[in-house]
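Presented below, as structure tokens, is a lone chain in the form predicted on its own.
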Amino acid sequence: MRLRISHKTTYNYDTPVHYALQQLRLRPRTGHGQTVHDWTTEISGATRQLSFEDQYTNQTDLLLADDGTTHIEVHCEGIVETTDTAGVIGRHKGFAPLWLFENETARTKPGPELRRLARDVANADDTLAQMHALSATIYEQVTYDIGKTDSTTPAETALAAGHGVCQDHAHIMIAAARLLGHPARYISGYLLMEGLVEQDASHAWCEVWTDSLGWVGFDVSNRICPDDRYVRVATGRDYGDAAPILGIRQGMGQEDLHVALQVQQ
């Protein structure tokens, strides 16, 4: 499947910005069932300082806001051809060792609810069956609900509250999989949604390491292993490692963020 993606992120400030850094992970790469045929990034109000591949092999750009700007816009656009691999990514690649994805982070630190969740699926026949059962259980217990959590919400908090969005589903499954002894990682990317071109945000899911198949993806929010509607962009231990845009800013004033995203065949 050939997918056309347009992702525009706009920041407006009510006072001039004198210092701000933004780290972008918005460039998909060829591999793992996808081929990037064309990808451009246009930037206004800031200047690219550096482009590099991070420890998780994410293609990363570092931007410095132009002095005195009140408007920064990042517009990514391109065409990616995808293949349905039933969620199977396969062997481990990159600089980060496999054991790194077994370690908890602030967002995936386990508490009593996550330990209870892991115990509920611990007796499944094998790792793959265990992870399918875990994904289904999370879907049943954590309602997809916008506006109740944010990017800093820990998995334990979202699970206990019983609601969240795709990044919460991913964090919960990652945390529980690690409790069960399986390396797990966070994925940010894009999803072609039936009958919906305009979207409010990019998508997130997780991948779990299995001895038989290697990395396998699970999208809890849609109760599916990723197929050819998905485009992988960045990966890491949790959202913080794979966020599309992260930044710091000095000074007073309010910031207004707007995202315009289109994914279509």
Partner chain sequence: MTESKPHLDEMFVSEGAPRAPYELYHDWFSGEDIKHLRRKSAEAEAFFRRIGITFNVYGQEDADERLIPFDIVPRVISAREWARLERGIEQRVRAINAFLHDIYHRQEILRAGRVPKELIAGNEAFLPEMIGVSPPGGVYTHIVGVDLVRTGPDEFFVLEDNARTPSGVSYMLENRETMLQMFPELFTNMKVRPVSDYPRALRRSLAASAPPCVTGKPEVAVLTPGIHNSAYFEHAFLADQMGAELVESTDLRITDGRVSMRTTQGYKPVDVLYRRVDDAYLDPLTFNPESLLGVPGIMDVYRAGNITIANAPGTGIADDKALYSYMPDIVEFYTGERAILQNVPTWRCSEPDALKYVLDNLADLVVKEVHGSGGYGMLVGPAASKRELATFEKKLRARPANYIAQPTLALSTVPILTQKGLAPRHVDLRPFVLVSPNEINITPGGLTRVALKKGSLVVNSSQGGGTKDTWVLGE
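Keep in mind that what you see is a predicted model, and the values were worked out from it rather than measured. Residue numbers count along the first chain shown, from 1.
The protein also exists as the form predicted in complex with its partner chain; that form is not presented, and the subsequent description refers to it.
Put simply, T9 is far from its partner chain in the predicted bound form: not one heavy atom of it is within 4.5 Å.
Using a 4.5 angstroms limit between non-hydrogen atoms, D54 touches its partner chain in the predicted bound form.
Residue contact with its partner chain in the predicted bound form: A106 places no heavy atom within 4.5 Å of it. When its partner chain is considered in the predicted bound form, L246 lines it closely, a heavy atom lying within 4.5 Å. If you check its partner chain in the predicted bound form, you find a heavy atom from every one of Q49, L64 and R237 within 4.5 Å. Counting a residue when any of its non-hydrogen atoms is within 4.5 Å of its partner chain in the predicted bound form, the hits in 95-111 run F95, A96, P97, W99, L100, E102, N103.
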